[in-house]
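We begin with a single chain expressed as structure tokens, specifically the form predicted alone.
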């Protein structure tokens, strides 16, 4: 099961966070700081899977952004690694070469994309067209 999704920049600023388990705010802050420190301190040659307390973290770097996904022990790391790749491809398709600014100024749309892919910590959709269908419908309603 997926426990959280974080997107942070190289300066360690959180751009997106979604938790699928209840975690109090002080623990969230500590968790994010530790995860960010772990991701930023690893080189490209090192593995993108890290054990953290009772769970595992799968992370991937795209340009200036890091996407980290916390998972339970029973989840497959490679499938989550591919999920992160798919998430970025969907963002690229919707925003036409996604950037950190796209995420900052369209956070609601990024959350919609993430919610279409993951619900209650489980992967429910990976097809890019199906994921983008609600956003395309919203955009069509806004235009006309």
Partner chain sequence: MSDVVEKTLTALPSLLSFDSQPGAAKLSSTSKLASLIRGITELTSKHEEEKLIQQELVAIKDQVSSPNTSMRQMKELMVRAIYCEMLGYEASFCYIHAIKLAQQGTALDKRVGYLAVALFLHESHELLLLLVNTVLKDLQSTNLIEVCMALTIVSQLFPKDMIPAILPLVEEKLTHPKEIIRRKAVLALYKFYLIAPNQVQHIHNKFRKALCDKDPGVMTASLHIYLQMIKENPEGYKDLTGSFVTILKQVVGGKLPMDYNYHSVPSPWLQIQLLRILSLLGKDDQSSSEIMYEVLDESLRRAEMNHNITYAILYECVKCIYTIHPKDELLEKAAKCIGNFILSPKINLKYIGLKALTYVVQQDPKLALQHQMTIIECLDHPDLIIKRETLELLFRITNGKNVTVIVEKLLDFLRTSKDDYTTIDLMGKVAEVAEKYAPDNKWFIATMNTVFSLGGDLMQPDIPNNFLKLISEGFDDGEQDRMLRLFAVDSYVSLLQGEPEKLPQRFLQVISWVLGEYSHLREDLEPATVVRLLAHVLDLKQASSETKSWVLLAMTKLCEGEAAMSVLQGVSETYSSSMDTVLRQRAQELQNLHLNPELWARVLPRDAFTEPLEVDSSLSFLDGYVSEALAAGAAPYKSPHQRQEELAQAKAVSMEPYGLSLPISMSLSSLDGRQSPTLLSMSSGLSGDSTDHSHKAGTTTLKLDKVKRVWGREGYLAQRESAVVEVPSPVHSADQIEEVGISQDPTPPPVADQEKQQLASSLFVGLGSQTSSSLMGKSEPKHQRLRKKAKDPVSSSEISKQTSNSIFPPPISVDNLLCNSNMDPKKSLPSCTQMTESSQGSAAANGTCAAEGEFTEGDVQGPEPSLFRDNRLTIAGSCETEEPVGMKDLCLTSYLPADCIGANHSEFTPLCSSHGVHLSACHVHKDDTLVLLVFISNSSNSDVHQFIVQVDSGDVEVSCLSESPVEELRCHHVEVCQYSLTAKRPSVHLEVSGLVSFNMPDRTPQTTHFSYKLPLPSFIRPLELSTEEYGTMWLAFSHDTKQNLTLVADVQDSLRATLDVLERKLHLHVVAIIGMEGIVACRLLPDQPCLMHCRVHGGTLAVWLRSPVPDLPDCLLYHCQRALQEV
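Owing to the predicted nature of the structure, the values given are computational and were not obtained by experimental measurement. Numbering follows the first chain given and starts at 1.
Absent from the display: the form predicted together with the partner chain. The rest refers to it.
Colleague: Quick one: does residue 37 come within 4.5 Å of the partner chain in the predicted bound form, counting heavy atoms only?
Modeller: Close contact is absent here: in the predicted bound form, residue 37 is far from the partner chain, nothing within 4.5 Å, heavy atoms only.
Colleague: Find out whether any non-hydrogen atom of residue 31 is located within 4.5 angstroms of the partner chain in the predicted bound form, and reply yes or no.
Modeller: Residue 31: no, not in contact with the partner chain in the predicted bound form.
Colleague: Does residue 76 make contact with the partner chain in the predicted bound form, using a 4.5 Å heavy atom cut-off?
Modeller: Residue-level check for residue 76: yes, a contact with the partner chain.
Colleague: Give a yes/no on whether residue 53 approaches the partner chain to within 4.5 Å in the predicted bound form, heavy atoms considered.
Modeller: Within the cut-off, so yes.
Colleague: At 4.5 Å, heavy atom to heavy atom, what parts of 35-62 sit next to the partner chain in the predicted bound form? List them in sequence order, or say none.
Modeller: Going through 35-62 in order - heavy atoms within 4.5 Å of the partner chain in the predicted bound form - the hits are 42, 44, 45, 46, 47, 48, 49, 50, 51, 53, 54, 56, 60, 62.
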